[in-house]
Structure formats: C-alpha cells, structure tokens
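First comes one chain, alone, set out as structure tokens in the form predicted on its own.
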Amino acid sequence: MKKSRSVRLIAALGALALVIAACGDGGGEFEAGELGAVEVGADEAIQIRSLNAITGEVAFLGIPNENAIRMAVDDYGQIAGRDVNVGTGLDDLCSADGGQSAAQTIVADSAVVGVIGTSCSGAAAAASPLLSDAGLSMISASNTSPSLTSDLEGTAGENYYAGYYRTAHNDLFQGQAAANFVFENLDLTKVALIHDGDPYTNGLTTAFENAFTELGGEIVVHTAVSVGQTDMVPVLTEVAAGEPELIFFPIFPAEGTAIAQQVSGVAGLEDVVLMAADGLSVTNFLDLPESENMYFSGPDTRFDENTNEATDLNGEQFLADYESEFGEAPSADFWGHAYDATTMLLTAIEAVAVEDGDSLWIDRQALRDELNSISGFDGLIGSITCDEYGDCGANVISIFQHNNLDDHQASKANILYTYSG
C-alpha cells in the first residue's frame, strides 16, 4: 500500500525547528525537550505498543483493535528507513488492574515512543497517569468515557492526563443520541438505567440521564450491578418496581448476558424494551437469542468511501483486507478508529523525527505537540481534529435494531437513527 506524503506546513516547520535545536550549538548532538526523547539507532526499529482487551469476554472488543493496529503499521511502512515494531500485544483485561499492570510494563521500556490503547475506559483511567508521567502519548480507539477527556465545555475530566488522545467519540454525544432516540423515535418516557461502576458504563448512563431528563423523560431507576455478578434477579426486581418502559444497560458481555437472559423472568419486565450500547455490540452478545430485537447505540461505521490519507486505504478495502487475513469480519465496531489512531501516531512520529548522525531522535514533547495540532486529518472514520483534551473522534452515533441473528452485519446496517455531534 503506497503511503501518502502530504506533509502539513506546521509539521515541516516543527521538524526544521528541531533540526536547528539539534545542531545549533555546532556540536551536532540532539537536544531533547523537557519530556526527553527516544533515540533509534540506524539498525533499530521504532517501538510502539498496543494495549487492548485481548482475552476474556471483552476480547471481542479488543481483538479487532489489535488486528487493525498491526494492519495499519504494515500499510504505513517504514519511517526514515526504519521499521515500526508493535511488539507483543499487551492485555488491558478491561480493568483498572489490567491497565495499570500493562502501563508499568510499557514505561519500563525507555525505547517505547507511543501507545495505541486502551480498549476500555476503566483500564485507561489507571494506565493514563503512569504513561503521562513517563512522557508517553497514548491514542485510544474505543475509550468513550467523558472522564478521560472533558465535559466538552472546557473542563477537564477527572481522569484526564496530558498525552492522552482518542479517535473514539465522547459518550456525551452517545448519551444524547440514545436519549433522543428513546424519547423522540420510540415515544417512551420512563427508563431504567443499569451500569457496572466502570467509567464507561457509569459515564454513559449519566450522560443518558442528563439528556433524557432535559428532553422531559423520567429516569425511574438508576442502579448498578457488580462486575462478575451472575444473579441479576435482585437488581431487576428493583428495576421492575419503577415500572420502566425501557431498560438501557450499556455494560459488557458477561453481565449483559445475564441481564438479557433473566429479565423476562422478572414480574413486570416481561415486555420491557431493551437497549444497550457499543460494549454489547459484539459478536458473542449478538449471538444470543435474547439479544434479538434489542436496540444498540454506537459509532456509525459506514466508512466504505472514507479514505485514510496516510495509507490511501478506504473503508471498503480495509474490510476486504481484514476478512482476507483473519477469515471473518471485525467482531466489534472500533476497527476504523484503531486503524486511524495508529496512522495518526505514525504520521506524527514521522513529522517530528530528527536524523542526527546515525540516530533518529523522537522528542516526546514534540510528538504531543504534533498530535495536539492535528486538524482535518482524513481517516476511515472521517475528518479528525483533536481538541485540547484529546478528543479527536468523528462524533457520529448510529442506533440499530438487531433483527438478524444469523447476519450481524445485516443487523448493524438496520440503522434507525443517526446523530452527529
């Protein structure tokens, strides 16, 4: 795949400034910025890392991200005559402990330039402070919690750290989209919300509640389950007491499966409408008979004609390549976001890398500055522009009804509502 080489003026000027800084004292030695720099020798590879949920129930979310990252690295090719090495994929386990442990492994390797991850917001909340303190940049394809970036009104989220970016949407958009659909399209006014305490699930139910009540709807119950909980009858009995017309439970497959399988056995919930989000829009959940006719919100993935400017690959070609290599379609919705996140990182690395003798130097602060300046980058997901808190995603949310257990892609094409933030 031929790589596009349209370099923005700001990137060229930034690289020139670094060359001047490196050589201005006449000694020919590169001078690193305040966060330090990574030196890559003539025969060495540039090191980046992937950090996604690649085992367990949530692997259906993380594995397509992992695959897309490696496809993007292959498609992009070398930087300054050097290969890019992703290394062995690290597992965020979709948990705080997993994110923290993997981040500790990454920061222990001073050769690492940047990270693509995490899959889950809870893992990012634990990984981000460690990576930020080490001067690293991380771009996530599927973190959506507002706490990781901002409230979109200029206030940083409680889990925001410098050097964090994402191509995924901010769930303030998804909460608004889901609320609009339920209130305006389904004409339902009484909703129960269930989260699991994770920054993603809690952030999305809170965003839904704020948007839904602003529209005039009523949240009759806003409650939580525990990760690993299997008996959902007590919480569903609590929900039934509120007499909801719809339950919105944007959680993950293990607990989501238990709710979907047990809800009809609870008095008062036999006919309740069920709705979930992108955390359950994955193969293992969509295979469940109980998931049929449910509604799902998530990123709009109609990327066929969108082309990534760094590799000249469009969405249709990506999916064909993915199926050819892995024998199946991506099992979750953030494949385009992962591909774009990787090419964004590689493009930024190339823009700031400075040759000095036999070494290539990549300044950590310059890399962040380059990512901060991204505006109008054409990706599979659309035009990408990063704000000051790292929100870079194309904020288009679609809602589909799962009406085909035998063909998930057909179900995902059954889009009933689209919202553009």
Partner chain sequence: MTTTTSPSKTSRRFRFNWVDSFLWFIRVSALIAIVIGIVGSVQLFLEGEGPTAEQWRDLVISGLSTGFMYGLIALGYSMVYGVLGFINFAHGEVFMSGLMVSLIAATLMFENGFWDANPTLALLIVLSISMLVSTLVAVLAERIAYRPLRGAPRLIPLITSIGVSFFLQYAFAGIFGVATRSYPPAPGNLGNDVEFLGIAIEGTKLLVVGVALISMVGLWWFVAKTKTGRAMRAVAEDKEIAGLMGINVDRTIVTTFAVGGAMAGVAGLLWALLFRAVDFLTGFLPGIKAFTAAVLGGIGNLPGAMLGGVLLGLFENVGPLLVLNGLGIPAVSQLKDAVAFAALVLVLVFRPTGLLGERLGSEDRA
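Everything numeric here is computed off the predicted structure, so don't read it as measured data. Numbering follows the first chain given and starts at 1.
Keep in mind that the form predicted in complex with its partner chain is missing from the display, and what follows is about it.
Practice problem: Tell me the stretch among 107 to 115, 126 to 134, 234 to 242, 82 to 90 that has any heavy atom within 4.5 angstroms of its partner chain in the predicted complex. | Solution: Result of the contact check: 234 to 242.
Practice problem: Evaluate N185 for contact with its partner chain in the predicted complex, applying a 4.5 angstroms cut-off between non-hydrogen atoms, and reply yes or no. | Solution: N185: no, not in contact with its partner chain in the predicted complex.
Quiz item: With the cut-off set at 4.5 Å between non-hydrogen atoms, does G56 touch its partner chain in the predicted complex?
Solution: G56: yes, in contact with its partner chain in the predicted complex.
Exercise. Would you please decide whether T213 lies within 4.5 angstroms of its partner chain in the predicted complex, comparing each non-hydrogen atom pair?
Key: T213: no, not in contact with its partner chain in the predicted complex.
Quiz item: Would Q317 count as touching its partner chain in the predicted complex under a 4.5 Å heavy atom rule?
Solution: Outside the cut-off, so no.
Quiz item: Only one of T189, N284, S101, S150 has a non-hydrogen atom within 4.5 angstroms of its partner chain in the predicted complex; which is it?
Solution: Of T189, N284, S101, S150, the residue with a heavy atom within 4.5 Å of its partner chain in the predicted complex is N284.
Exercise. Using heavy atoms only and a 4.5 Å cut-off, determine which of A156, I219, L246, A224 is in contact with its partner chain in the predicted complex.
Key: Filtering the options by heavy-atom distance leaves A224.
Self-check item: in the predicted complex: members of 274 to 307 within 4.5 Å of its partner chain, any heavy atom
Solution: Read in sequence order, the residues that approach its partner chain (within 4.5 Å, in the predicted complex) are N284, L288, E290.
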